[in-house]
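Next up: a single chain in structure tokens, the form predicted alone.
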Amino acid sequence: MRLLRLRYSDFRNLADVELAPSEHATIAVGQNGQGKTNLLEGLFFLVTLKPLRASRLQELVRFGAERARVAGTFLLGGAEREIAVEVSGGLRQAYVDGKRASSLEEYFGGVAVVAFTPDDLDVVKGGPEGRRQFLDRAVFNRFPAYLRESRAYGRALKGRNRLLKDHVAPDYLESWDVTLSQTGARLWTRRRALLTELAPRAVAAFAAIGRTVDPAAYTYAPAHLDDVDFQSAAEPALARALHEALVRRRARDLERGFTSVGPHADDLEIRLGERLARTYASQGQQRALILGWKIAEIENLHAALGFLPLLLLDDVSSELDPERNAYLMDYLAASGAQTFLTTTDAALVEKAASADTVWYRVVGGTCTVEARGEGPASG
């Protein structure tokens, strides 16, 4: 997989931008607020159909414009294919080679991306919601059908919560409980499968960069499940266990007006040794735990899909200590992956560059190529 061309039309502050990325590293340099992150967000949105930052799709449309569009031409198995996504009126539409995508499987076939942002570095010390989103992004990268499956669960959750807020009789919740338990069990099996593959790789990666004798641990086990072994139970058994938990907690949920058990209420537990990393690990160790996870995600996708994903790093180097940043840049340079980096200081990412690296200067939503001999200046 290789991205050959990329074009943005009215995406965020990018009115009309076209990029010809390097086969290896493409680096965007500029001051904060000029549009560097928008370049990466657009590419992430193109490949995943999910916003990297926005809470509403309409936020992706440039002010005063009617629609936003991002299109990319990929080389897949020796043939070129264009995928594109448009946002208008708060809705998205995906295209493959100029025609509306007939299915998510058709759209996602052969492409994958791993994004690494400064927000990711705060996941360990943050709240459960951030860790769930962090986990789900990795699950989706590995299992693209997870996008459709999580939407189905979200619809069922929204419907049940609406009834809870209306304080309906408990029996009226039964049909929603059945749907929620079935869709929830599917999400649980996806998350469990991802952790089974990825966690050992993340533990090994952290061991190389953590600078501590304490081993890392990344675990996931839903709360409030009785009489079922989450790690070994089949999906139907998980669905029954979730249904029983929903029934058991109906009175509590009706009193409080929201559903208190299910994938939406779980947490990804990250430990250092025997203790929770969010309370015990230093800031450097917390960031090394996330760095280890990202490296594991890259390697796991490579092993599972047979090709390296696109790598997006949004000004991460400025948040890492020099030793860990050097480790990351060396890893990127050696990986052979097609990588997109943004930075305010070109010196921080020099080690990821090669002879064919394309450097862009980003100012006010415009991107201009800088010849390497000009020496991209610090922003």
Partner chain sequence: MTPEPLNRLIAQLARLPGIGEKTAQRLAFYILRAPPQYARDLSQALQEVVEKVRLCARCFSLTDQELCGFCLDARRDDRILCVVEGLADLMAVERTREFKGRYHVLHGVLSPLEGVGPDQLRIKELLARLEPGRVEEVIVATNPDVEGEATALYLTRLLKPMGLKVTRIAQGVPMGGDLEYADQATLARALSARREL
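Nothing here was measured: the structure is a model prediction, and the numbers come from that model. Residue numbers count along the first chain shown, from 1.
This protein has a second form, the form predicted together with the partner chain, left out of what is shown; the following refers to that one.
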*Of 294-302, 263-271, 68-76, 171-179, which is the one stretch near the partner chain in the predicted complex, taking non-hydrogen atoms within 4.5 angstroms as near?*
171-179
*Tell me, out of Leu194, Leu163, Ala217, Ala277, which residue has a non-hydrogen atom within 4.5 angstroms of the partner chain in the predicted complex.*
Leu163
*Contact assignment for the partner chain in the predicted complex, among Lys125, Arg155, Arg252, Arg92, heavy atom within 4.5 Å*: Arg155
*in the predicted complex, Asp136 touching the partner chain (heavy atom, 4.5 Å)*: no
_Contact test in the predicted complex: Arg190 vs the partner chain, heavy atoms, 4.5 Å_ = yes
*asked:* Is Asp120 near the partner chain? Define near as a heavy atom within 4.5 Å, in the predicted complex.
replied: no
*Taking heavy atoms and a 4.5 Å cut-off, does Arg100 contact the partner chain in the predicted complex?*
no
*Along 124-155, which positions have a non-hydrogen atom within 4.5 Å of the partner chain in the predicted complex?*
Pro144, Ala145, Arg148, Glu149, Ala152, Arg155
